[in-house]
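Given next, in structure tokens, is a single chain: the form predicted alone.
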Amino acid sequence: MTAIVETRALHKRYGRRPALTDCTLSVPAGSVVGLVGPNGAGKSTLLQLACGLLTPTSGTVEVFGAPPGQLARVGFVAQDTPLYPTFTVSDHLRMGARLNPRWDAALAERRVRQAGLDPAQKAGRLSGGQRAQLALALAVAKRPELLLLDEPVAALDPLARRAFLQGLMEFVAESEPQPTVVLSSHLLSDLERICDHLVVLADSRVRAEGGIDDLLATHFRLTTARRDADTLPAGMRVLHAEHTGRQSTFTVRAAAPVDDPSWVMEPLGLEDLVLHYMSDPSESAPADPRPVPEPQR
């Protein structure tokens, strides 16, 4: 599948502080990507590198197979949804039409109307949810092929968050060809509902990346009588181990569960999977996971 965003050994430092370290990933075309990680993991830095607001310290980042900068093809909503507070909603739409050659005025007006925004209202007097909806309307009316969203719903109440995500998915569903979306968020329940690809950042590094279904199908919690990790079947990659006097619990990667009555092997949910990679930065999944060999019994 064609990669829309591709990074290779990407590094970004602010002075002595690393923001991204050896970041290698590939965002497939037409996917809706969830970008997750703790504060300071490098999520905002990665998105700003992808849209050309920052330049790498070393390594490469390509968008549509070229260096970033193709602004007409990229929509970006920053974390604080920046708008001009003295501009009205209509002023923002007129500005969008002047600045963007592919501007879809009908789409912008429909999004504003569906969000219940008053065209004469100044942006500085809008609520947080209304500002987010206006920022989304401006971004999607560009008809971008790549839409980058940096925690746009972090400060919204549940109703405003649901309305924003509904508007986002309506845009994706009605667009042809389907745009690629990268959505940074801490809200895993939202990501699980709307995303099909996942990137986990922690400690400035990519810890896991891949299709959500593939990741969930290859991560398990294994509970068994006390045993060492190296006694597990070949082909199981042990990501974490905990032991009591009688019992061992492992987080493992495997191609499929093993049917053995002497242990319990359960699929790992998305939240547990993400929390594992966020809380144990010594572990990482391959950026482009290859099939794990079938466990040998």
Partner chain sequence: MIEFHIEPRSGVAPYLQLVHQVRQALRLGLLSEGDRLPKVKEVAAKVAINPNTVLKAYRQLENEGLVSPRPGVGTFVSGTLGTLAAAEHEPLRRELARWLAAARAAGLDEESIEALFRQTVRSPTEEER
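Positions refer to the first chain, counted from 1. Every value quoted in this text rests on a predicted model; they were computed, and no experiment measured them. Between two forms, the rigid core is defined as the largest C-alpha subset superposing within 1.5 Å.
This next part talks about the form predicted together with its partner chain, which is not shown.
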Report yes if any heavy atom of residue 193 sits within 4.5 Å of a heavy atom of its partner chain in the model of the complex; otherwise report no. yes
In the model of the complex, residue 238 touching its partner chain (heavy atom, 4.5 Å): no
Taking its partner chain as it sits in the model of the complex, is residue 227 near enough to touch it, meaning that at least one heavy atom pair lies within 4.5 angstroms? no
4.5 Å heavy atom contact, residue 169 and its partner chain in the model of the complex: yes
Its partner chain is absent from this chain, but in the model of the complex, do 31, 173 and 267 each have a non-hydrogen atom within 4.5 Å of it? yes
To verify the annotation, which of these, 165, 117, 156, 202, has a non-hydrogen atom within 4.5 Å of its partner chain in the model of the complex? 165
Per contact check vs its partner chain in the model of the complex (non-hydrogen atom within 4.5 angstroms), the hit among 229 to 237, 251 to 259, 35 to 43, 58 to 66 is 251 to 259
Core-aligned, does residue 236 move its Cα 2 Å or more between this form and the one not shown? yes
